[in-house]
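Just the one chain here, the form predicted alone, laid out as C-alpha cells.
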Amino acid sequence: MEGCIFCAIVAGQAPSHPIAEDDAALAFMDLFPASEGHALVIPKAHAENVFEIEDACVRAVAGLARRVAVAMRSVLAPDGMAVYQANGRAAGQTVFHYHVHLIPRNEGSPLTFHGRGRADDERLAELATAYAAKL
C-alpha cells in the first residue's frame, strides 16, 4: 500500500534490521524501541488492523512472533515479555499496518509500548543477528 512504511520495509524500499521471514510474515527490530530488544512482526500483505487481516496472515504472524519471542528470551533473558497488538488510534496504533510488538521487560522498568528515541543501528543489527541465530 502506497505510503505505508511497513509495506516499504517488506518491499525492501525502507531500512530495517530483519530477524526472520517466511512467505507471509516478517520480523524486524523496532527502530524506536520501548526497551532494548523490542521487535515487530508484520504480515507481508497489507492489512490495517485485526478487523481487516486474513485469518491465515494472523496465524503466520502469531507463529513467527512466538519463534522470535523464544529467541529473544534466549538472547536477552528478560524477566518478562510484553506481546502487544493495537487496533486504531484510540488503542495506541501509530502505524496502520497490522503488527505485533515483542517487548522484553525487566522488573522495575517503565511499562510503555512506544519508544521515544531512535535506537543505535549497530546495536539493532547485533540483536537481529543474535535472534536470527537462535531461530
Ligand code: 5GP
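Bear in mind that the values here come from a model prediction, so they are computed numbers and not experimental data. In this text, residue numbers run from 1 along the sequence as written.
The same protein also has a form predicted together with guanosine-5'-monophosphate (5GP), omitted here; what follows describes it.
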{"item": "Sole residue of 20, 9, 119, 24 within 4.5 Å of guanosine-5'-monophosphate (5GP) in the predicted bound form, by heavy atom", "value": "9"}
{"item": "Proximity to guanosine-5'-monophosphate (5GP) in the predicted bound form, single hit among 49, 93, 109, 74 (heavy atom within 4.5 Å)", "value": "93"}
{"item": "4.5 angstroms heavy atom contact with guanosine-5'-monophosphate (5GP) in the predicted bound form for residue 114", "value": "yes"}
{"item": "guanosine-5'-monophosphate (5GP) contact in the predicted bound form: residue 45, any heavy atom under 4.5 Å", "value": "no"}
{"item": "Distance check, residue 101 to guanosine-5'-monophosphate (5GP) in the predicted bound form, heavy atom within 4.5 Å", "value": "yes"}
{"item": "4.5 Å heavy atom contact, residue 36 and guanosine-5'-monophosphate (5GP) in the predicted bound form", "value": "no"}
{"item": "Partner contacts in the predicted bound form for 29 to 48 (non-hydrogen atom within 4.5 angstroms of guanosine-5'-monophosphate (5GP))", "value": "29, 30, 31, 32, 38, 40"}
